[in-house]
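Only one chain is given next, in structure tokens, and it is the form predicted alone.
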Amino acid sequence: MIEPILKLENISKSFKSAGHTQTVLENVALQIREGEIVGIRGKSGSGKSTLLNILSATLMADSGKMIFKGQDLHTVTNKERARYRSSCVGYIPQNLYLLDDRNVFNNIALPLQYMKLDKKHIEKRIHSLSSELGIFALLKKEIHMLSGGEKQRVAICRAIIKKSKLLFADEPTGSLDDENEALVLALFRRMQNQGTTLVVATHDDVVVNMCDTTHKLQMR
């Protein structure tokens, strides 16, 4: 049995608003093995996005453990969690968070610039991946000029451009037509074959059917 690369033990998370506490996740347990595609299912409001934020260490759980390669990331320093995010994690958020003051090329380049790669390497990698995703012709365009599906592919390209070991994706095919969904899922499969571990929150049965395992979250 392959040991999990990432394991959640009794993860709980609540949010307070106007004096009311809403429990979103309660005692969630999850094991993610290296090279798997794991699907996260559940109705809107069941905590799928919250779970992905915890897995990517952009949000801390209230209680429980998140163990990455044997180390509980809830007990390490903020600097160590930041290192985990920058070196190990790619993240496709549901809201995309593209930067309107940068064109498509510069949005995609951002993670590689943080890695301090040289300009020629950045350009080569972006040209290659944007061609795979059918957005090469958009590289000089401003974000506000794009359709919803084009923005989604730009966000996917930005998330996977640094070739992280872990990819967390929140409804990554939500704005895509069938043709572009098939293109993105084929890319995800190639990434898996190259050793990437993917965790995908989705309502899409096509996406669920390509997952090795699925975990369903319940409403609280």
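So that there is no doubt, residue numbering starts at 1 and follows the sequence shown. Everything quoted here is computed from the prediction, not taken from an experiment.
FYI, the form predicted in complex with a small molecule isn't displayed, but the following is about it.
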Exercise for the section: Could you spot which one of Gln192, Ser56, Asn180, Ser49 gets a heavy atom to within 4.5 Å of the small molecule in the model of the complex? Expected result: Ser49
Practice task
Answer for Val24 alone: is it within 4.5 Å of the small molecule in the model of the complex, judged on heavy atom distances?
Solution key: yes
Handout entry: Partner proximity in the model of the complex: Glu171 to the small molecule, non-hydrogen atom cutoff 4.5 Å
Key = yes
Exercise for the section: Answer with yes or no whether Lys43 is in contact with the small molecule in the model of the complex, where contact means some heavy atom within 4.5 Å. Expected result: yes
Exercise for the section: Decide whether Asn103 counts as a contact residue for the small molecule in the model of the complex under a heavy atom distance cut-off of 4.5 Å. Expected result: no
Exercise for the section: Give a yes or no on whether each residue among Phe15, Gln94 and His203 has a heavy atom within 4.5 Å of the small molecule in the model of the complex. Expected result: yes
